[in-house]
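Before any questions on how it binds or moves, here is one chain, the form predicted alone, in structure tokens.
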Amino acid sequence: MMAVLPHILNGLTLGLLFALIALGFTLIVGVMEVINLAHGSLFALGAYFALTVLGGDWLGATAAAEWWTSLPLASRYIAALIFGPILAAGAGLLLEMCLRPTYGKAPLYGLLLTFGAALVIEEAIRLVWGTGEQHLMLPRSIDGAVFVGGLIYSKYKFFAAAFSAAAIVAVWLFLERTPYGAIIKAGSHDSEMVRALGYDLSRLRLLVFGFGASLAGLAGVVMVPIWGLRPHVGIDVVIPAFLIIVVGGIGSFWGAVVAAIMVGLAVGLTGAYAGAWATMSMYILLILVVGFRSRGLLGRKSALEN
């Protein structure tokens, strides 16, 4: 049991991080009916913005930059954790404005526009931050290993799992307990009904897209110390995010969380014992779930089903 426990913990950590990415993705799909292929690029942008905030490069060779880099690493990391998602949300808002002419048209228009945006963002990352792999520095308090019950495990992975779980609960509370959350949920069921009730549908779409982008950016900041940071890292996450919302059931909050943990465990365990099958395990899980339950684990029943 002790031999397999680290791999189970790795899978749970990966699953919780996947859930954070997939929740933003599923909110955008639910409210706007747009499959945002640039979601992974927003994930990467959040991480690169955090890298810049942490290093103080945005201040140039000035006295302010010297003051910034003299601050404790923990303070700068917290600033990166706050501003990385906020800046990613800003990029998401710009993308939503570009998407507006496609509303009401065939879904292919939105799909192609977000695919083009993903390519543009990836090239912009190469121009601004370079093509090499980069790393986010971590404060000493969450770096290194910890000894728990006979197990030596990464402190950072414990932090990433706890932080992601707390963020998922916070998103759930926002959706369930606040008026804005209620409007977003209503919009995911019937956006025209929200308009008929007098709410500004354009503002709702902007809010949801920015919120979804900030979740992607937040996941990027937390995940890259585990995955590494490179210009095409967004591609590595957009496929699992899409797969998770299908397995969990499109529009289901807890379906996405459960599916993400299942995918994380599948990848973590196969990666440990059959590395060549790690990526394939996600697709096998998709086939097994959708083959037996076409609407996903917790998806709503279609009116066309018996």
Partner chain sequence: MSKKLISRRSLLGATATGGAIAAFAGPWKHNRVWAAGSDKPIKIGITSDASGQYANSGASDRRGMMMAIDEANEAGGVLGRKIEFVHLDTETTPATGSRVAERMISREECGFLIGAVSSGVANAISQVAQKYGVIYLNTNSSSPSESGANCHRVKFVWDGNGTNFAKAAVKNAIATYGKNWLLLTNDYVWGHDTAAATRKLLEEYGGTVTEEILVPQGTRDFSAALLKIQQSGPDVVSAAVGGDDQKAMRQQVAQLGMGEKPAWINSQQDWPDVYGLPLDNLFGVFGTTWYYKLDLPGVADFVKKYQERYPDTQMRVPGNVFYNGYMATRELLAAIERAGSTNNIAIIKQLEGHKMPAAERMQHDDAWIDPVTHQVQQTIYLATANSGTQDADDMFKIVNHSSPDAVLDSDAAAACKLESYEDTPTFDA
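Everything numeric in this text was worked out from a predicted model, so none of it was measured. Residue numbers count along the first chain shown, from 1. Definition used throughout: the rigid core is the maximal C-alpha set that superposes within 1.5 Å between two forms.
Absent from the display: the form predicted in complex with its partner chain. The rest refers to it.
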Next item on the list: From the candidate stretches 82 to 90, 193 to 201, 222 to 230, 170 to 178, select the single one in contact with its partner chain in the model of the complex, where contact means a heavy atom within 4.5 Å.
Entry: 222 to 230
Note to self: So its partner chain isn't shown here. In the model of the complex, which residue out of 272, 59, 250, 239 has a non-hydrogen atom within 4.5 Å of it?
What the structure shows: 272
Note to self: Please determine whether each residue of 10, 138 and 157 possesses a non-hydrogen atom within 4.5 angstroms of its partner chain in the model of the complex.
What the structure shows: yes
Margin query: Residue-level contact is defined here as any heavy atom of the residue lying within 4.5 Å of its partner chain in the model of the complex; does residue 75 satisfy this criterion?
Written below: no
Notebook entry, point to check: Contact between residue 276 and its partner chain in the model of the complex at 4.5 Å, heavy atoms?
Noted result: yes
Notebook entry, point to check: Do residue 132 and its partner chain come within 4.5 Å of each other in the model of the complex, heavy atoms counted?
Noted result: yes
Checklist line | Touches its partner chain in the model of the complex: residue 55 (any heavy atom, 4.5 Å) | finding: no
Checklist line | Residues from 141 to 167 in contact with its partner chain (non-hydrogen atom within 4.5 Å) in the model of the complex | finding: 143, 144, 145, 151, 152, 153, 154, 156, 157
Notebook entry, point to check: Any CA movement of 2 Å or more for residue 151 between the shown form and the other one, core superposed?
Noted result: yes
Next item on the list: Would you say whether residue 9 is displaced between the shown form and the other one, judging by a C-alpha shift of 2 Å or more on the superposed rigid core?
Entry: yes
